[in-house]
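Take a look at this single chain, the form predicted alone, given in structure tokens.
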Amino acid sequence: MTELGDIIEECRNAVEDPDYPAVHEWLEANPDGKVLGHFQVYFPEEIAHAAGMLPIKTMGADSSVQIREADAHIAAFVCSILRSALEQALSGKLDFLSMYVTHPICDAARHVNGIWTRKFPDVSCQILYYPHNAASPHAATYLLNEYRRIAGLIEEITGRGITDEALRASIELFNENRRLLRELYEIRRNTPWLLSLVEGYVLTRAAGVMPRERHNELLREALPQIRERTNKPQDKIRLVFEGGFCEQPPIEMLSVLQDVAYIVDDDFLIGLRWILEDVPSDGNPMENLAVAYLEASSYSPVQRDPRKPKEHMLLERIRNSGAQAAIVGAAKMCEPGLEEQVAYDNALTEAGIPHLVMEFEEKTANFEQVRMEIETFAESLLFEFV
């Protein structure tokens, strides 16, 4: 069995290295393999996997990647994740991509596809259009047709048909991954002193940049070792972090958070955990994926579904995790995130739940201001709850 420290180190290297080492390792083992990159928040990776592709998330980059070329193609007031992902592509770090898929989660994410299409003519750059109204009785049929369209393009690239048998096998693989991630978050909710925020984050995020087979193997080995730890609980406030659905806070910022409080739940990388239960693999597997996206999914500022009022679901997340307060964050220049900040603020105030509203950016390099804000907030709560 691999030691827990080595597992966490492998995941952190996969996450922080802008050269995508796990992808290159996969390509060395599969020299004819194709890689599909997709933008946040959610993409049905099972479809690509069933065709033999390696699906990965392009999640931007921290301050180690300087944005130079991208600013000639995209406005500086656009969110950092779109600009840094484009910078990675323009600098050659994503040359392994055969297909790139964006989503209309915001105006910027929708329109950036045109830039990718012009700059990378050898890459199939596509937009996966999700239903505008997820509660529509026609939403599942519409989404199924979109999935079939994307699947047809994937088959053209790989030269391999996506059979129901292959798709069912991929669904089972990803179901296991979702189950393992649910176990990881259960540890964070119930015994957060056994797993630091940064450790849990890199163990989760690595799923987006390496083959799921390898990620499942790592989590199967890591989870028992985490439960066997003998760490003692500390006198820390229990918080929920809301606002990491797309652009991700820097890991250094998460280090500040874990120094001050237990973050017992969050919406970081929600696309990896978007589907909340196993997807059925019998019947029509592609239809099952479409239905699961609509009927068995989490909530997010970038999905309009009146059946899932986001403010109420945030309050439910707080209650289910036993949190005492919340941090409501939003990436700078993120229109959906900043809009929901207002709704979340109002709902938390009405419910009498203490909360801190703040902005972040993946390229933040100085965290003293963040530390001061969070420490002041946590200390005020400690006095309140004593």
Partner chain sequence: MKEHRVAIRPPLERAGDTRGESRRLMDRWWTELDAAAEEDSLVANVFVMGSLAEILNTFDIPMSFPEIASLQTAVKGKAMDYLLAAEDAGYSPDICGYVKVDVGLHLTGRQHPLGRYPKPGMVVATNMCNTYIKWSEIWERQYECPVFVLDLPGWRGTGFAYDMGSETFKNDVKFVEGQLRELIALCEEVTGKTFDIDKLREILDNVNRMSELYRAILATNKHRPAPFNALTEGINYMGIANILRGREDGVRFMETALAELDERIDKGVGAVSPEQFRLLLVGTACYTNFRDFVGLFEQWNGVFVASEYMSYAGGGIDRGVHYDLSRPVESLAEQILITAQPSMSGIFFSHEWQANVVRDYAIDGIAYHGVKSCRTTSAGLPDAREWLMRNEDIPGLFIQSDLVDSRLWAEAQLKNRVDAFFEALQSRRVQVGA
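Residue numbers count along the first chain shown, from 1. These numbers were taken from a predicted model, which means no experiment stands behind them.
The discussion below concerns the form predicted in complex with its partner chain, not included here.
Residue-level contacts in the model of the complex: of R160, R182, K119, R214, one residue has a heavy atom within 4.5 Å of its partner chain, and it is K119. N113 is the sole member of Q258, S298, N113, S98 with a non-hydrogen atom lying within 4.5 angstroms of its partner chain in the model of the complex.
Using a 4.5 angstroms threshold between heavy atoms, M333 counts as touching its partner chain in the model of the complex. Its partner chain in the model of the complex is approached by Y129, whose closest heavy atom lies within 4.5 angstroms of it. E146 belongs to the set of residues with a heavy atom inside 4.5 Å of its partner chain in the model of the complex. Interface residue remark: V198 is not counted as part of the site for its partner chain in the model of the complex, having no heavy atom within 4.5 Å. Candidate site formed by P104, R304 and E359: every one of these residues places a non-hydrogen atom within 4.5 angstroms of its partner chain in the model of the complex. Just one listed stretch, out of 308-316, 160-168, 185-193, 248-256, contacts its partner chain in the model of the complex at the 4.5 Å heavy atom level, and that stretch is 308-316.
Residues are counted as partner-facing when one of their heavy atoms sits within 4.5 Å of its partner chain in the model of the complex; in 68-89 these are A72, H73, I74, A75, A76, F77, V78, in sequence order.
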